[in-house]
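Alright, two takes on the same chain below, each alone as structure tokens: structure 1 and structure 2.
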Structure 1
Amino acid sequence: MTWKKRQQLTGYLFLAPYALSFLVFLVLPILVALVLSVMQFDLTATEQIKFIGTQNFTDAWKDDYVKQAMIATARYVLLFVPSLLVLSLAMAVGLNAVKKGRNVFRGMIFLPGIFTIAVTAILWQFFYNLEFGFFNWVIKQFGGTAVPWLSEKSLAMPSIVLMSLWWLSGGTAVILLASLQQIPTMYHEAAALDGAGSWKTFSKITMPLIKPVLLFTVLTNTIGAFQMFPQASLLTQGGPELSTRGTVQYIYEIAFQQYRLGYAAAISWMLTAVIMVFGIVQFIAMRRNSAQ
């Protein structure tokens, strides 16, 4: 055996452990999900497991609960992603402008992101509590009446979004701050010499330069937001009247409370199709940026 061949063989030995894990827990699941989605596969009725073609998909298309869950998911995405972007960008610009204590502020804003969603939800439930929560206490100090943050249909989703902003916007602000810091200062100096105001400098110079990073954060957060699950399941249990039950929570309930794995897999694929549209845009955008 030549030296070159031996090095190749050793190489495959080094690659093998990860490759095995990758095959069993990333590639195989995709195939299993495909097979399950065309089967009637109820763990409570194992004698009736059979191939049913596209019936799970046509059932899901007609399922009002799927529709409701997709609407709840879309509401979350549409409320969360734009507000996240505005808040994070504002904080990043603010952080970029202050010199003294910037790293301390950055750390404080980032800190909520390291807590588990379980702790985050407990904490916010305490703050949102109708009778003795902190928010309603403040409102009552100003003579207002208690707000049913989590039990009123029109308020529950915005309340979940607010918690998610607290939890996640620091991370996005940190990403945007890093991209602002990469802009050479001479661009802004030149704009100032030419007499451009701060808003003009921001919209004509800063924004175009950080556009690729903005696009990246919008897409990754959109993909994440489509999969929102523990936030709502812990804070509102999907209520009131299922108005905050997202698609992943519905998939979870079908698969692990009703044990209908085939049907759950089919809905999972439908959500995946929606998400992959954004995933592919992201892939293309990243390719184009790295090509430049």
Structure 2
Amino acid sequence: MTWKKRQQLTGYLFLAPYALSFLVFLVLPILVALVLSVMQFDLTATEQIKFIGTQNFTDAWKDDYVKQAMIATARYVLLFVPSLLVLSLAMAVGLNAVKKGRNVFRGMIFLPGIFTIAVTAILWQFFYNLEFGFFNWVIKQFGGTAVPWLSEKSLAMPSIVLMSLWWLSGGTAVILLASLQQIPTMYHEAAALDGAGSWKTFSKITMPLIKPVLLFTVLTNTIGAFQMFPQASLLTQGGPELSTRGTVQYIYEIAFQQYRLGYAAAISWMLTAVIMVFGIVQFIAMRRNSAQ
């Protein structure tokens, strides 16, 4: 065996563990979900497992609970993604302006992101508690009345979004900070010599140069937001009145509480299609931006 072939074989051997895990934990579940979506696969029913074509998708399209879950998911995405982008960008710009102690502040901002969602939810359940929660304690100190953060339908979803922002904004801010630090200082110096103010420099120089990274963060966080599940499940259990039960939580309940695996798989593919549409639109925007 020649040295070149041995080198190629070594490369394949290094790739083999990842390729195997990719096939077993990603490709195989996708294929299984695809098969289940066209099957009647109800573990609690007396009927035999059989092929039913697109019946699961038709039933899901008519299911009011699916529509309600999709609406709750869309509300979360629309509230969370823009807020995350604005907050993370503001923190990144602030960190970029700091000259001393930047690493300390960066570590403090990134700290919430190292907690698991379970720990984060337990902490924020204390913050939101109606009787002895931290937020209501502060409100009472100023003479106000306790706010039902998680039991009021109009406040439950914004409360979940607020927790998610605290948990995830630090990581996005660090990514944006890295892109800001890659901008050559000569651009800002030239703008200052031309008499450009801070806002004009930011809007005409900084924003266009970090636009690819902004689009990337929007894409990844949008995909993640559509998969919202533990935040609402741990804080509100999908309530009140199912206003915070997202699509993934409904899929979980259908699959692992009602044991209707085929129907749950069909809803999963419907959610995947929605995510793919948003992903393709944002990917096209990224391509157009890079071509400019």
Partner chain sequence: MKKLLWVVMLLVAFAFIFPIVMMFFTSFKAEGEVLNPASVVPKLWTSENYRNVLEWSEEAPFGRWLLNSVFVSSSVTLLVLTLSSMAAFAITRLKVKGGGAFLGAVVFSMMVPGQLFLVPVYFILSKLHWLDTPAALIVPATAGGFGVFMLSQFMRAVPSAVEEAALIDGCSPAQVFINVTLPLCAPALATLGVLTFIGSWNDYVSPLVYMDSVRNYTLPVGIAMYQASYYTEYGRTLATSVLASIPLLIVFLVFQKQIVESMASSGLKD
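No experiment lies behind these values; they were computed from the predicted model shown. Basically, rigid core = biggest C-alpha set you can superpose within 1.5 Å across the two forms. Reference numbering: structure 1, starting with residue 1.
Trainee: Kindly point out the structure, among the two, that is the form predicted in complex with the partner chain.
Mentor: If we ask which form is the one predicted in complex with the partner chain, the answer is structure 1.
Trainee: For Phe278, is the C-alpha shift between structures 1 and 2 2 Å or more after core superposition?
Mentor: It does shift by 2 Å or more.
Trainee: Please state whether Asp64 has a C-alpha shift of 2 Å or more between structures 1 and 2, with the rigid core used for the fit.
Mentor: No, its C-alpha moves less than 2 Å.
Trainee: After a rigid core superposition, would you say the CA of Glu241 moves by 2 angstroms or more between structures 1 and 2, or not?
Mentor: No, its C-alpha moves less than 2 Å.
Trainee: Provide the displacement, in Å, of the CA of Ser21 between structures 1 and 2, taking the core as the superposition reference.
Mentor: That residue's C-alpha is offset by 2.9 Å.
Trainee: Just grab the Cα shift of Thr46 between structures 1 and 2 for me, core aligned, in angstrom.
Mentor: It moves 6.1 Å at the C-alpha.
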